[in-house]
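What follows are C-alpha cells for two forms of the same protein chain, given separately as structure 1 and structure 2.
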Structure 1
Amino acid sequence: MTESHPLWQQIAQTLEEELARALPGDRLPTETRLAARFGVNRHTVRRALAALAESGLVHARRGAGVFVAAQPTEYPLTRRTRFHGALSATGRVPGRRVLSVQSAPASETEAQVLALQAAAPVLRVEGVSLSDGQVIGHFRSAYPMGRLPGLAQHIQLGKGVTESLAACGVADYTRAWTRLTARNADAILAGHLQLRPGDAVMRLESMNQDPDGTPLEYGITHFAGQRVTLTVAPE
C-alpha cells in the first residue's frame, strides 16, 4: 500500500477492485480476517467497509456479515404493472412473503380511497417483496372485503394478488394513480428491509381499480432506495 491516502481508503480501493470479480450475494471475509490480512485494526477495516456500503457495493446483514450487493432491480411503473411479471422480464427471480392477513375496520384514508362507508371492513395484507432472494420492498395493502369475498383464503393459500383477484371474479385491474415520495426508514421498516434506521427508502402509494373504475386495492410500498430503480414507463 502507498502512503498517499489513509489506510482505510487504500483498503476500500483494494476491496472494490476485488468486488468487480465477485458475484452478488458473495460474503466478504470477517472484519477480523480482513484486519489480519491488511495488518490494521478492525476500526480501520470497518471504515473501509462503510465506504463500500455508502457506494452501494456491499450491504451488511445483522448477525450474518457483509455481502456483495446486487445491481439495483429495474421496476417499471405502468397502469398494468404486475410485480412477478415485471421482475421476470428483467431476468430476476421475483418472490413474495406474506407476513400477515387480517380483517379490520377501514381507516379514514382507506375508506376515502376505496370509496367505502366509514369503518367498513377491509382486508389488510402485509408482506415483503424479493428480487433474487433479496428483500427489496415492504408492502401494506387494503382490499374492500364486501367486493372481494374469499380473498383472504386465496392469499393465505399462497396465491399472488393477480391470481387471488381473478379467483374473486376480477379478470383485470389497472393502476388508477401512484404517488411517489421519499422518507427515512424508522426502526420497524428498517428491520423489514434489512436496512439501518434512517436509511433512505422510496414510498409508493397507489390505488388499483377494476375495468369499471371501482377501487380494489389501496397500497403503500416502501422500496429500499439502493436496491430498486423505479421507471415510469409509457403506456
Structure 2
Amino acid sequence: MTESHPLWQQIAQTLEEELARALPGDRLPTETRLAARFGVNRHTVRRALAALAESGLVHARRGAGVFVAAQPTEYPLTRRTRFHGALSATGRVPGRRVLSVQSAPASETEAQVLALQAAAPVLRVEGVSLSDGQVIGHFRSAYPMGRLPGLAQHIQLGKGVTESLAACGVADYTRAWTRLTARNADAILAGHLQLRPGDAVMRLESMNQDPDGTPLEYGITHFAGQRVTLTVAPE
C-alpha cells in the first residue's frame, strides 16, 4: 500500500500482529532494541507502544519492561448485582480496599438521585475493587445517613456493602438503574486502576434501592476496560 501511514502506526500494527502469537506476561524487547530493529528513533517506538497500551494489549513497568497484557474478568450486571457474589461465581477471588470514608452534605446530584432534601447528610465512600488481587474498578458511593444510621462504622471496619447494609437493617436491595459510557482514563483514575492515562474505562453511574423503592446508594464506578467484561442478561 502506497498509503503512507505514520511510522508509529505501521510499527504498532506490526507489533500487534506479533502480539497475537505471544502469551500474557511475555516481555517485549526494550524500546532501544525495537528502535534499532525498525530503524527509527526511540520516541517513535514509544508512540507505537503507547497506542498498544491504550488498546490494552501491553502495559509498561518503569525500570522493568513492556509486557503482554492479560485477559478480562467477567462481571454480570443484573438487577441484583453484588460485587462479591458476582466475582465468586466466575471463580475469581474478590476484594475491596476502602480509600476514604467521610460524611458531607449531599451535592445537588446526590440529593436528587437519593431523593433527599438539599444538603442532607450523606456518607461518601471511595475505594477500589479487586479481582484475584488485581485492581479492576474504582468506586465512589454516597449513602443517605438519615436512612442508614451506623453505616460508617461498618464500612470502616472493612465490611462489604451487602454486609454493612444488613447491619443497618437492610435485608435486601436491588439496582434501580445503571448508566454506562466509555471514557479515557485521566491521570488520577489511571493511578487508582493501575492503568495509563488514556486507557479505555467503563463509567457506570448507578442507584441501588430497597424493595420499597427507597434509594439507598448512588455511585459512580470505573472499570478497567481491558480487565473487565460486563454482561447484561435478562433475569
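Counting starts at 1 and follows the sequence of structure 1. Definition used throughout: the rigid core is the maximal C-alpha set that superposes within 1.5 Å between two forms. These numbers come from a predicted model, not from an experiment.
- Between the two copies of this chain, it is structure 1 that is the form predicted alone.
- After superposition on the rigid core, displacement of the C-alpha of L15 between structures 1 and 2 amounts to 2 Å or more.
- A200: CA moves less than 2 Å between structures 1 and 2 after rigid-core fitting.
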